[in-house]
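Below you will find one chain, with nothing else, as structure tokens; this is the form predicted on its own, and questions on how it binds or moves follow later.
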């Protein structure tokens, strides 16, 4: 059985926000959920991703949290992957593109989000299991 993103992604209640949300609202939502990213959704469609790094850029630009909007700092049209995608390929994409979160889409439906932390955990678990079986982690 092949290991896929489905095995490691956070699913269910993925934090979503609207592009018109204020930076303050986004920051409070990230803190309340203790996550590093929110998927930006408009009219049911994924239009972006907003992360802690985006919030830091907004602060560096002296944007007031109750005036600045998520849409000004989000990454529009983010890379998305299907749930059956390879975790190692997802990690490679994150490394090459220098980001830490990828929304997971099943067709047009947001079904999860995967973080670099999730994928590090995947590598450790796979490596440990394969070590016990006497094989090397690829």
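Just so we're clear, the structure is a prediction, and the values are computed from it rather than from any experiment. Positions refer to the first chain, counted from 1.
There is another form of the same protein, the form predicted together with adenosine monophosphate; it is not shown, and what comes next is about it.
Checking 62-70, 98-106, 22-30, 84-92 against adenosine monophosphate in the predicted complex, the stretch whose residues place heavy atoms within 4.5 Å of it is 98-106. Within this chain, residue 39 is remote from the site of adenosine monophosphate in the predicted complex, having no heavy atom within 4.5 Å. In the predicted complex, at least one heavy atom of residue 49 sits within 4.5 Å of a heavy atom of adenosine monophosphate. Heavy atoms of residue 56 never reach within 4.5 Å of adenosine monophosphate in the predicted complex, leaving it off the interface. Taking non-hydrogen atoms only, residue 45 never approaches adenosine monophosphate to within 4.5 angstroms in the predicted complex.
Within 4.5 angstroms of adenosine monophosphate in the predicted complex, the stretch 55-91 places a non-hydrogen atom from each of 57, 75, 78, 79, taken in sequence order.
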